[in-house]
Each structure stands twice: as structure tokens, then as C-alpha cells.
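We begin with a single chain expressed as C-alpha cells, specifically the form predicted on its own.
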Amino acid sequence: MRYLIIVFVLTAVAGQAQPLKARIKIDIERQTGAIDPLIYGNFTEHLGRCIYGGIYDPASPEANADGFRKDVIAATRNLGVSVIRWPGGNFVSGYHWEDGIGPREKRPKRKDLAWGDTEPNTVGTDEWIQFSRAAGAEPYICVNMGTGTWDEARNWVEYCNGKPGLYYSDLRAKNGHPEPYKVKFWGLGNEVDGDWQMGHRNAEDYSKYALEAAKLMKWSDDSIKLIASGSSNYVRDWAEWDRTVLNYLHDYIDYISLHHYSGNQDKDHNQFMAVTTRVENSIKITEGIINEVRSKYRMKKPIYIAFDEYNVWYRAWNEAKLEEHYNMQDALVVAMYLNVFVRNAHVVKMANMAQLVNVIAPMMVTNGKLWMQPTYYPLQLFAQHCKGKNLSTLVQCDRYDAGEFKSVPWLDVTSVYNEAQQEVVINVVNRHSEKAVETSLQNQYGKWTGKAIVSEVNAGLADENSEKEQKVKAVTREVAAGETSFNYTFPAHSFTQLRIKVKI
């Protein structure tokens, strides 16, 4: 009896070490949507050390002549950030943009009622646009639909985009910027559905208010793109909020926003690895509401989703500075957010990771030194290489249940065809904490040529980075790839990106 028990235990332990099996089939003719580079965006808010001490730090040896950190500008460019949302966030619902223009010594200091800080208004519209353009990103300005007025919104557009000869465009010229900024993207408020927001309104009141602001803003510059404030909480009647907003604003808006933050408060790895299932469901339901409204009004103009806040955020939820320190596990979740956006590229046309520096961010400044968090690397790999068309990808692998999430595949996969580079890009997250997944990658059209370039982000699940050590980073190598298929084993708890040339 004792012998049998020992054999049983040894067999069970050995079984745990055996890799799982999977198959991925890729066909570059099965294209589902063009990937907009704007899904590789970011977000900055006047909060903690994001702006002051992160982006702007004139006392730092890294500061350029304008006070912006050169290392942050370079790292933002290397990250591939396409668009940056500013100035909030909750902050914007109490922000009055004219406080932040003109001579700095004359700008008023205000109490920030959203986060309890003092806002010096040192960085305002002119400075922000200067930074974003230096960082290679398009500016996306969110207007104050909380305590702000319709005139403030309209005048802000005129200040940024008006041609000479108007009051606010001439004021811009007086402040040293005669040429229009041509800011394309404008948000109609932030999370107005939330009772934590200054100027919180119900769906109908927000929609009526935002509609009048949208009219004035579009009449000031009809080339701008407007993003409506969509749901920030999927549990609380969010579908009805979005339906109401779309019914009122459909003629004026180009996007409706969604927000989501994820966490692992229960220390349940498998459940945490499934959290983006909820994100994908919310996108599909919102897409359905968009189609319902477009059909109702017989619209030809598309309306897209701007997922303009997302990230892992739970350790520093109640801390004043919101300086979350990320680990390998969090990097996997960020990679899965990006997989969701790529997989739904036909309707998700913008996404903004929150935030850029220090505050729940992919990069940090500690003791004056800039360093990269684990979450930096998935976003960088996607932004640099996932361009072109999303492909409908067949994935066959084992699945698991975790709490509310059922039949979750251990592999989360997207594939992309970049016609300009004649390249297929395959993004794979192995959710399993212990087991590798031995996978057959099969090509259904054309021939793969040369070797596959493999970039892998993998480390201990709890491993973090610091200014002294980068435990989690992307490691790149080459592997042999057949013309029509090859096998690759994805390590436990890893994100892997494979790039393979294809000849048609």
C-alpha cells in the first residue's frame, strides 16, 4: 500500500511538468480589420509625479531647455506612443485651461479638488503640445465637462486650431505660437457617469450638455474628432449609459470611450489571467449598441471605440501618488489588453494606457534615474511591430475555469499581417503559471521564409524592475521556421512575439 501511494505521488508530480499541447493556424487572407496605430497610445494626468517630476523637471540634469526630461522624451519615442490624452482624468473636471497659458509668473495656483494637490499651472496647453510633439505623439485634449462651460470648450479649440484674426488664436500668437496647433482629437469630458466626478450627471443630462459643447467645438473647427465619455463601470447599467450617449451624440462624435482597470486583490493567478475576457465582452456589447444606433438613424459615418484608459491598478489604489510597482504577472495582463485591442481592431481605433510616467506607468523616475517597468515591454513590442491587418486566428488548446470566467484558453493569441513588411506577427500569452505549451504553428497561405524572430518577455511571476536592475525585459533571438509549419514551446507565464517573413 505504501509503495502504491509513493508511485501515485511521483506520477502526479511528473505529470505537472509535462507541457500542454496546442495548435495555431494562420491565414493571411482572413483579415478582419485594419489596426490603427492610435491603439498604442498613452495618457497623462496632473496627478502625483506624472507631469511634475516625471515629464517636466527643470531642476533635473536630464531637462532640456524647456524643462522637459530628455530621457522621458526618448523613452516615449522608443515605446512607440502614438497619441497622448491630457490633462485628465478626474483632474480635468475641475480644470480651467486659461489658468495654464500666458506668462508663467502670472498663472494662478489652484487647489486640485480631484486629487487634493496644489496645481501650479506651470505646464499648460502650449507646453503640453510642445512635449507631445517632441515625443512623437499626437496630442488628445480632454475638455472639462464637469465644472466647465460650453464657451470654455469652444474657446479651447479656437486657441489651439484657429487661424489668425480671432481672439483666442491671436492670444495663442501673443503667447509665442502663431501657427495653429491642429489638435485633432478632443474628448467630451471624463467618466461623467461616476459619482466621484466633479460635475457628475446622469446619462441624459450629460448627453444634452455634451451635445451643445460638441456643436460649438465642431463649428469652431469641423476637422476635429470628438470622443464621447462612455462607461467607466461595466457593472452599473453601463450599456444604458452608452446607448443614451450614442442616441444623443451620434451625429457629432467619432468615438465613444471605455475604461477598465484590473487587479489581483485575491492573489488568484488564473482568475487574474482571465480578466481581459470581461474587457472583450464590453467591447462587443458596445459595438452592438453602436450598430443599433447607426441602423436606427441610417448612418453612413462610422463610430468607433476609444479605450482611453486601461491598466493594472490595485496595490496603489488608495495611495496619494498612485505609484504602482509592476511585476511579470502584470506585464502578461497588459499584453492581453493589447491582444484584445488588436483582435477587435475593426472597432477599437484608439487605446490609451494609463499613465506615462511614475503614476501607474510603464516607466519610473527614482532618485533622478529613469527606468522601465515590466509593462513597458509588451506595449513596445506591439507598437513597433503590430501594424497592418488583424487576422482571424484558429487556436486550439486546453482551457480552464476560474471564478466567473469559464472555458478560458491557456493561450491568448493574435496574429497580424504587415503587407508593407511582408511579415506575419504572432502574439502569444501563455497564461499558465507552471506549464509550457508545446504548439504547432501552421501557415495556411503563402510560404514562410527565413527564420522567425522571437521576442520573449518572461521571468518569475513576482519579479519586478528597479533603477538598479531590469529583471523583466524583452529578449530576442531567432529560431528555425518551416514554410508551412513549425513547432514552438511557449514557456509558462510568458509573452512571446514571433515575426516571420511570408512570400505569396
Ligand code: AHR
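We number the residues from 1 along the sequence you see. What you are looking at is a predicted structure, and each value in this text was computed from that prediction instead of being measured.
The protein also exists as the form predicted in complex with ligand AHR; that form is not presented, and the subsequent description refers to it.
- Not displayed here, ligand AHR is approached by N90 to within 4.5 Å at the level of heavy atoms in the model of the complex.
- Using a 4.5 angstroms limit between non-hydrogen atoms, Y261 touches ligand AHR in the model of the complex.
- Taking the partner from elsewhere, L47 is found to have a heavy atom lying within 4.5 Å of ligand AHR in the model of the complex.
- In the model of the complex, ligand AHR lies farther than 4.5 Å from every heavy atom of Y167.
- Stretch 190 to 198 is the answer when you ask which of 407 to 415, 218 to 226, 190 to 198, 145 to 153 has residues with heavy atoms within 4.5 Å of ligand AHR in the model of the complex.
- Site residues F43, W115 and Q355 are all in contact with ligand AHR in the model of the complex, judged by any heavy atom within 4.5 Å.
- Put simply, of E309, E324, E119, D242 only one has a heavy atom within 4.5 Å of ligand AHR in the model of the complex, and it is E309.
- Only one of W371, Y181, Y248, W313 lies close to ligand AHR in the model of the complex, with a heavy atom inside 4.5 Å, and it is W313.
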